[in-house]
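Below you will find one chain, with nothing else, as structure tokens; this is the form predicted alone, and questions on how it binds or moves follow later.
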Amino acid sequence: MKTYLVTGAAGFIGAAVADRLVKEGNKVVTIDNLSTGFREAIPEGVIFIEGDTFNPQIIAKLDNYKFDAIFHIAGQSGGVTCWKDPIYDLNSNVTSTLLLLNYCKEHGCKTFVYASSMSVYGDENPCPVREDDEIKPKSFYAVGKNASEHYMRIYSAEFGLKCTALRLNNTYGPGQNMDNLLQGMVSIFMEQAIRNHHIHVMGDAKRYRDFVYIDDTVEAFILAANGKEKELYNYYTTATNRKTTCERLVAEIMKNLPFDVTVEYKGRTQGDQFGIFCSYEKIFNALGWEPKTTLEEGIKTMAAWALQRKK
């Protein structure tokens, strides 16, 4: 049995990673402030510490544990929210990382895996985007993710920590918070469709993203923690190398719902990328990771789950 810290296990990705680790027979601890997650989403058997990951007093509660690895997944992840409260965004996504890296240094935890974001790339690169393309964040959220990556790089170089940043593209699937209409393109569109039989897309129908199913994202975290790379600091993009427009995504959602849905394209989200899809060549070559679930399969499964939870 190994012992892991998975921050944010009341949230979508954190809960899925924690569940995988528990089912494999490991001991799992989580910190979550329940700002967007749910207590009932925390997998059975996970030790729960309620609070902010950027609060030193909360981090001090970890002193009784010796972790084999830390998966830092908690964080403010809404593009809209970062503009409304940039200080909270900074603390949630950067201060928390620094505190946890320092905890690793002081308590002998040698492996740190971080949920970064494809948003660090901005809009300036030709697609498919690769890891060494230009970094030009367009939002406070993206700046924070990139800052955390640099802290990890320095902690690897100066203190010998094995740090891996996963630049996640849009993760979706069963378990996503359907009530939070400020984050998660798939969940926002699907919830609007089920609740109102109408989808309001902020921006152009031709905007595009790269969508990765939750099981594939979880696998990336597990592989990252167990990677045997020569370099201590590594950064990878989880992606499908597939461009999916808003128009295409909406059509796929509508195809899997038992009623008609209307659609409008209106407005914009401040600091949002127009379009991005990414290569997964680097993570495939280093860790053997590749996406297994197609968008068609993933949306079908998620729609069935979303419809069932409304009954």
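Each residue number is its position in the shown sequence, starting from 1. All values derive from a computational prediction rather than experimental measurement.
The same protein has a further form, the form predicted in complex with a small molecule, not shown here; the description that follows concerns it.
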- Query: If you check in the model of the complex, do E191, Y213 and A303 all have a non-hydrogen atom within 4.5 Å of the small molecule?
  - Reply: no
- Exactly one listed stretch (152-160, 104-112, 124-132, 87-95) reaches within 4.5 angstroms of the small molecule in the model of the complex by non-hydrogen atoms, and it is 87-95
- Item | 4.5 Å heavy atom contact, N26 and the small molecule in the model of the complex | no
- Query: Within a 4.5 Å heavy atom cut-off, is T262 in contact with the small molecule in the model of the complex?
  - Reply: no
- Query: Does the 4.5 Å heavy atom contact test between K145 and the small molecule in the model of the complex come out positive?
  - Reply: yes
- Query: Is G51 close enough to the small molecule in the model of the complex to count, meaning some heavy atom within 4.5 Å?
  - Reply: yes
- Have a look at N234, S139, T240, S116 for me and say which one sits with a heavy atom within 4.5 Å of the small molecule in the model of the complex. S116
- Message: Between I253, I283, I31, A69, only one gets a heavy atom within 4.5 angstroms of the small molecule in the model of the complex; which residue is that?
- Response: I31
